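First, one chain by itself in structure tokens, the form predicted on its own.
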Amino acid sequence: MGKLRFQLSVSLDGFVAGPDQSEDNPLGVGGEGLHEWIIKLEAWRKQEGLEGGEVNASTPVVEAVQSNIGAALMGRNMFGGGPGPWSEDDPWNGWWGDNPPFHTPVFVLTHHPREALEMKGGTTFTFVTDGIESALEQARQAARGKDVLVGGGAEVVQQYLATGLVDEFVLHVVPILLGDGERLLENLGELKLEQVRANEAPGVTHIKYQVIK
């Protein structure tokens, strides 16, 4: 069985998004600065269907976290479309256009039922209303022995961490201070971690942790 893992960019003061998030500004005030290091990379741009980009010390880290993924999990906020029931007249199909970058089955945690959404490139969004364990079970079946990635946001990651289901994760620590927003590592109880490695790269430090169970 594959691992359950996640990887997120985080500010030096612990936030994965800035304050005042909205549909027009999903990363909040200053949140885009968390991802400047990766949008320059060839490894990231290739996954997004873009050309060009840099190759630097972040490249092998990004290639590693993108490998062996058979399915993904995410919360309603990360998928988008606002709170409440889904609009029948103008349903939200995600932030990523017609060809999302996942190329795997994605299971979206929500309180509101919706039919599965098939997109180009092998991405299918399945909407799960009966909790994180059910979503994980479905994702593991779809992954067929590969790893399951928790894409975010912070609340969903916290739920999987707090229940001891996560095996390992990578934090991409960016030297900016957001001051407020969506904090990642809180409400976790007695979580015990072992640092596996740390890699310094331009504009970011990559730290991998294993969860001690």
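Just so it is clear, the structure is predicted and the values come from calculations on it, not from any experiment. Sequential numbering from 1, following the sequence displayed.
Keep in mind the form predicted in complex with another copy of the chain is missing from the figure; the text below concerns it.
In the predicted bound form, another copy of the chain sits within 4.5 Å of a heavy atom belonging to P175. Taking non-hydrogen atoms only, E200 approaches another copy of the chain to within 4.5 angstroms in the predicted bound form.
Although the partner is absent here, D20 is not a contact residue: none of its heavy atoms lies within 4.5 angstroms of another copy of the chain in the predicted bound form.
Residue contact with another copy of the chain in the predicted bound form: N25 places no heavy atom within 4.5 Å of it. Heavy atoms within 4.5 Å of another copy of the chain in the predicted bound form belong, among the stretches 52 to 60, 36 to 44, 179 to 187, 152 to 160, to residues of 179 to 187. Annotated contacts: L193, V204 and I207 all touch another copy of the chain in the predicted bound form [non-hydrogen atom within 4.5 angstroms]. Residues of 1 to 22 lying near another copy of the chain in the predicted bound form, listed in sequence order, are L12, D13, the criterion being any heavy atom within 4.5 Å.
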